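Coming up is one lone chain in structure tokens, specifically the form predicted on its own.
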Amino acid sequence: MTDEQIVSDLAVILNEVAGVDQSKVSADKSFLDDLEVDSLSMVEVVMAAEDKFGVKIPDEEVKNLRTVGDAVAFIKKAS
């Protein structure tokens, strides 16, 4: 799976869970600062990403996922 595919899939998840405009999602965007995803929504995003990509994202790892790119890198490493 390419980085672009992962970003695209995450954009769909972010749109469904947090109402984020999919066109605003790119690897350099911060979940909190750029996309305004709060901590509660982030938990839902993580659960949806785990289901979508078949990976487990430990709670202690979630705080390290500050940008979409961080999430892409973690998903690639974990899958």
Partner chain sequence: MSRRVVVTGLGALTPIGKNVSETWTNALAGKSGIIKISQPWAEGLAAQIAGLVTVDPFEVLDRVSARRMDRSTQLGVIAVKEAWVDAGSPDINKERLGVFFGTGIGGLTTVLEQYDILNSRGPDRVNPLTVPMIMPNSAAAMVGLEVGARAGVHSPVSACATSAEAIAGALEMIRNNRADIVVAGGTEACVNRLAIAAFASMRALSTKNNEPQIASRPYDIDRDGFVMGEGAGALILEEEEHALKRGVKIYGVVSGAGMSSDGYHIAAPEPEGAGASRAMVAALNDANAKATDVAHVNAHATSTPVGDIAEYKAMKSALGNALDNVVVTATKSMTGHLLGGAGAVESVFTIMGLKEGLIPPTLNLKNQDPEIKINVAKDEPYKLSANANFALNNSFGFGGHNVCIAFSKN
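Values in this document were obtained by computation on a predicted structure and should not be read as measured data. Positions refer to the first chain, counted from 1.
Below: the form predicted together with its partner chain, not depicted.
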Does the trio 10, 30 and 32 actually contact its partner chain in the predicted bound form, every residue with a heavy atom within 4.5 Å?
no
Verify the contact flag for residue 64: yes if a non-hydrogen atom of it lies within 4.5 Å of a non-hydrogen atom of its partner chain in the predicted bound form, no if not.
no
Is residue 58 close enough to its partner chain in the predicted bound form to count, meaning some heavy atom within 4.5 Å?
no
Contact test in the predicted bound form: residue 16 vs its partner chain, heavy atoms, 4.5 Å
yes
For the heavy atom contacts within 4.5 Å of its partner chain in the predicted bound form, list the residues of 14 to 51 involved, in sequence order.
15, 16, 17, 18, 19, 38, 40, 41, 43, 44, 47, 50, 51
